[in-house]
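So this first bit is one chain, no partners, the form predicted alone, shown in C-alpha cells.
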Amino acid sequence: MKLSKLSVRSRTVLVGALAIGGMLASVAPAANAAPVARATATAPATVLAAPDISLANVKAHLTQFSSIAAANGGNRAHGRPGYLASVNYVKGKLDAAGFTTSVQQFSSGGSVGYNLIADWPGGDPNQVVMAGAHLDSVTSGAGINDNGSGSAAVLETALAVSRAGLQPTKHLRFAWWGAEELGLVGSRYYTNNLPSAERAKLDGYLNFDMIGSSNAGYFVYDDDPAIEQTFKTYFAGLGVPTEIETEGDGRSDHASFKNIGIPVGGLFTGAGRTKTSAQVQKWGGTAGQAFDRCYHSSCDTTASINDTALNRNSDAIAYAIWELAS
C-alpha cells in the first residue's frame, strides 16, 4: 500500500443486485448470496459454488516472492530486478493455466515499470469483472504482506478459475500493478490509457492490498454498496464481523478506477494504525499494537503473515469472483 494518502472522490455509481441461490462449498454464507456489481437483464438462477482456495498454494507463491527478493537485493521494488522477476513468475503461472496475458510498460522515476494483465477466455466482453493487486514492494524489504499477500491470493484465485474450467456469464480479467508504492503509477497509467469504450465495459474492479496482516482486522471497502455487500455476506457466513475500511481510502489501486467512475471494492487487514480493545474483542490479537508492525519495513517477510486472515481473505476473493461474474 502506498504510504502517502491521496484524496480521491468520484461520482456514485448506482448498481443493481441479483438474488443468487448458490452456496459456498467450504463455508455457510447467508441463504441469499450477495448481489452483483451491476444487474443484467437475464441471469441463471444458480451459480456454481466457489472453491476453497488452498492456503498452502497461496503461501507457496509468497515463498517464491520471498526467494525472488532475496536473490535480487532484498526487495521487489519498481525499477529493481526483483520486480520484473515477480512479473515473470506470475505470468508463467497464468500462461500455463490458459490465460491470455499481456505486459503493459510505463515509465516512472527514470525506470521502466510493468503491469501484468490476464484475461480468462469467454464471458460477455461487454461486461468485465476485474480483480487486481499491486505486485511491487518498497525498497526496504520483500513486501510479503504489502503486497505479496494480495498478489498471491489473486493469482491462486485465477488459477482456481482455470482448474474449475469456469465459464462465467461475464468476462474475467486479473491484474498485477507496478509502482503502486510510488503513487499508484501503474494502475493510473492503465486507467488513463483505457479508451472510453473499454471503460464502459468494466462492471467493477476489486482490489486486494495487505490481506494477511499479523495483527489482522477484517476491513471491507464501502465505495460500492453491491460489491461491499458481497464481501459482507461472505464474512457473515463465517461469523466474522467486519468494519468499513478507512485507513487505505485512496491509498491503493482501486482509487485509479474509482476516479474514472468504475464501481470498486476490496479487502484489507490493516497497516500502521493501532488495533483497539474493541477490535480485539471482535477479532482477537493485541490491543495497542499496529495491525501490521512490519508495514513498509524489512521484517515484512513470510514470518509476519497471519495464516488465518490470509486464508479467509483468499476464500473471500474466490467467493466474490464466482458471485460477481455470474
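These figures come from a predicted structure and were not determined experimentally. Residue numbers run from 1 along the displayed sequence.
Note that the form predicted together with D-tryptophan isn't included here; everything after this is about it.
Asks: Within 4.5 Å, heavy atoms only, which of D222, E243, D124, E247 is in contact with D-tryptophan in the model of the complex?
Replies: So the residue touching D-tryptophan in the model of the complex, by this definition, is E247.
Asks: Give me the residue from S213, S252, T157, T230 that has a heavy atom within 4.5 Å of D-tryptophan in the model of the complex.
Replies: Going through each option in turn, the one that passes is S252.
Asks: At the 4.5 Å heavy atom threshold, is F291 in contact with D-tryptophan in the model of the complex?
Replies: Answer no; every heavy atom of F291 is more than 4.5 Å from D-tryptophan in the model of the complex.
Asks: Is F65 a contact residue for D-tryptophan in the model of the complex, using a 4.5 Å heavy atom cut-off?
Replies: Outside the cut-off, so no.
Asks: Using a 4.5 Å heavy atom cut-off, state whether F268 contacts D-tryptophan in the model of the complex.
Replies: Judged by the heavy-atom cut-off of 4.5 Å, F268 is in contact with D-tryptophan in the model of the complex.
Asks: Just checking whether E181 would be counted as a contact of D-tryptophan in the model of the complex - the rule being heavy atoms within 4.5 angstroms.
Replies: Because a heavy atom of E181 falls inside 4.5 Å of D-tryptophan in the model of the complex, the answer is yes.
Asks: Taking 4.5 angstroms as the heavy atom distance cut-off, pick the stretch from 49-57, 65-73, 291-299, 275-283 that is near D-tryptophan in the model of the complex.
Replies: That would be stretch 291-299.
Asks: Pick out the residues of 120-145 whose heavy atoms come within 4.5 Å of D-tryptophan in the model of the complex.
Replies: Residue within 4.5 Å: H134, and no other.
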